[in-house]
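What follows is a single chain, given as structure tokens, in the form predicted on its own.
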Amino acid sequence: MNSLERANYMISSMAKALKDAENVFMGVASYLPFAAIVLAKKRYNPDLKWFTILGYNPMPKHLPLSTVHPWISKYCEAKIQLGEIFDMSARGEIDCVFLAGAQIDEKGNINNSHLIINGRRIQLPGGAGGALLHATAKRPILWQGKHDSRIFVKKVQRITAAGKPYKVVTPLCVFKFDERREKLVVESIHPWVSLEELQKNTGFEVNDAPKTEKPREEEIAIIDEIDPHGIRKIELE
């Protein structure tokens, strides 16, 4: 399974998570969420309201090399300040938000602050607005283009952002948050992954689950249209 095919599974899974969403926000370096939001709007949820750092409800012709490229603003219905997004989320007005984590633990916490490896401190990009958004958005969706036991850990070394994710989408599986157990559980496992492989690459206990639904041809056609150059695979390589 090559990078583009794995990316398509992730994008399709993300788009399906937006079927009944009222609105969604995504930030920088968000290639997979960008394509997923376009797919959701075109196939599943045409009334979905899309907030970005550059403005409201963009519909650019293709996925750019930067998801905050200035030309995206040309396709926005209105301009919006980033601070307004934080205010909306604090008021409970943001439904879904896409957040990524250098480390993600079984409680759904994110670490984007730093790591201590062999006694050395490795500085990470920082949390930006993730701490507020993860805690206040109704349904945070986490994603990570790589899945191994260094990233998916029992407990993050530092909590940059805490919350209860609606979904966590990776190249190996889709997690959901179990409210009763207050932890992530596996909702589906991608077809090219065995339970044993998933457990080997995850730092906490995982459960067996059905296979992730294969993206339909019409979904792939929409993804290829928005990303004809395969930029989406960057996150998986």
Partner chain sequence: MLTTLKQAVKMIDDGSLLCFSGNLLYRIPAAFARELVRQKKRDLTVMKTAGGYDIDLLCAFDCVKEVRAGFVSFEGFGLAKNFRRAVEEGRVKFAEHTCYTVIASLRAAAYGIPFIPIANISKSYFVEERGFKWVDDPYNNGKVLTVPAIKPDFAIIHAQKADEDGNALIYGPWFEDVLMCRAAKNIIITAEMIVPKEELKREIDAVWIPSYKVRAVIEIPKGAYPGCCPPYYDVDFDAIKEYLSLDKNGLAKHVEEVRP
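Numbering follows the first chain given and starts at 1. Every value quoted in this text rests on a predicted model; they were computed, and no experiment measured them.
Beyond the structure shown, there is the form predicted in complex with the partner chain, which is absent from this document and is the topic of what follows.
No residue of the trio K138, Q144 and G203 has any heavy atom within 4.5 Å of the partner chain in the predicted complex. Heavy atoms within 4.5 Å of the partner chain in the predicted complex are found in one stretch of 37-45, 64-72, 186-194, 206-214, which is 64-72. Put simply, V153 is far from the partner chain in the predicted complex: not one heavy atom of it is within 4.5 Å. Among residues of the shown chain, Y31 is one whose heavy atoms approach the partner chain to within 4.5 Å in the predicted complex. When the partner chain is considered in the predicted complex, G83 lines it closely, a heavy atom lying within 4.5 Å. With a 4.5 Å cutoff on heavy atoms, L198 does not count as touching the partner chain in the predicted complex; it lies far away. Residues G127, A128, G129, G130, A131, L132, A135, T136, R158, I159, T160, A161, A162 are the ones in 127-164 with at least one heavy atom within 4.5 Å of the partner chain in the predicted complex, listed in sequence order.
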